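Shown below, as structure tokens, is a lone chain in the form predicted on its own; questions about how it binds or moves come after it.
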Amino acid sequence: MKRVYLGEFEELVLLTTAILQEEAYGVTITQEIEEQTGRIVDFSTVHTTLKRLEEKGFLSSQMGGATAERGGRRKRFFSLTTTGVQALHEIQQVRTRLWSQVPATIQLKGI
């Protein structure tokens, strides 16, 4: 597999999509990122990132059914592709390997 390079926000969106599973659509992803990170996230930024991750082959999407609560509008649900799952595993391995090499004298305890 070709080496994976994702931006920090792309990684957040991909991870959040993995967490939400069947409930992963623009609004829920935006809310989950805000809740998990405490940072304010613009919905259009999430939407653009979802589209870019789909174009890169990390995500796929499908339209859900129309609901009355949304005025008959449908939601686009996102899910990880096999490439997306592999990308997350590779990122996790790199992060874990790097963290394991940080000397104990500068471990970020209690910060």
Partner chain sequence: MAATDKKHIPPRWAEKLLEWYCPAESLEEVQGDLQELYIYWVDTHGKSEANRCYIWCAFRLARPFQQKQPIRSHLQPNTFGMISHYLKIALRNTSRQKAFSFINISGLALGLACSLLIGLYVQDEYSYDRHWTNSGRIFRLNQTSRFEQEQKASTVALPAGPAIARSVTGVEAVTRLFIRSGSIQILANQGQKARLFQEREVAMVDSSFFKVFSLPLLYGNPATALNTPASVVISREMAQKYFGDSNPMGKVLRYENIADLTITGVFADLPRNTDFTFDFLVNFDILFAVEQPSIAEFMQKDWLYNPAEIFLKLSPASSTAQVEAQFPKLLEQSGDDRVKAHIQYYLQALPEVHLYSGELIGVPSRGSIQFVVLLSAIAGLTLLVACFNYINLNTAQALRRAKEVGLRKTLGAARSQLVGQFMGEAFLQSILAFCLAILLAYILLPFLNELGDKQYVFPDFLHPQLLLFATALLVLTALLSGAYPALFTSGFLPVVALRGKISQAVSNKQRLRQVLVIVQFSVTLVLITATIVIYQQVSYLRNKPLGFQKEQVVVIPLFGSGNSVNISQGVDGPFRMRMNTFEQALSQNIRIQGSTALSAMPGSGYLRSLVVPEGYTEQSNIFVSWVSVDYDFLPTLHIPFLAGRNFSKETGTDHLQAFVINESAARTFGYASAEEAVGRPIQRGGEGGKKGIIIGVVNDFNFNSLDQPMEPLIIDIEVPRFGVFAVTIASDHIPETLAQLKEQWEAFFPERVFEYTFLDENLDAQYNRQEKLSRLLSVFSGLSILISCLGLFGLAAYITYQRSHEIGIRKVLGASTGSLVALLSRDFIRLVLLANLIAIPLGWYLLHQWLETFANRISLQPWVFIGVGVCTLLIAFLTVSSQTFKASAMNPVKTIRRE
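Note that this is a predicted model, so its numbers are computed, not measured. Residue numbers count along the first chain shown, from 1.
What comes next is about the form predicted in complex with the partner chain, which is not displayed.
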| item | value |
| --- | --- |
| Heavy atom within 4.5 Å of the partner chain in the model of the complex - the one residue of Gln86, Ser60, Thr37, Gln31 that qualifies | Gln31 |
| Close approach of Ser79 to the partner chain in the model of the complex, 4.5 Å, heavy atom | no |
| Residues within 4.5 Å of the partner chain in the model of the complex, restricted to 26-53 and counted by heavy atom | Gly26, Val27, Gln31, Asp42, Phe43, Ser44, Thr45, His47, Thr48, Lys51, Arg52 |
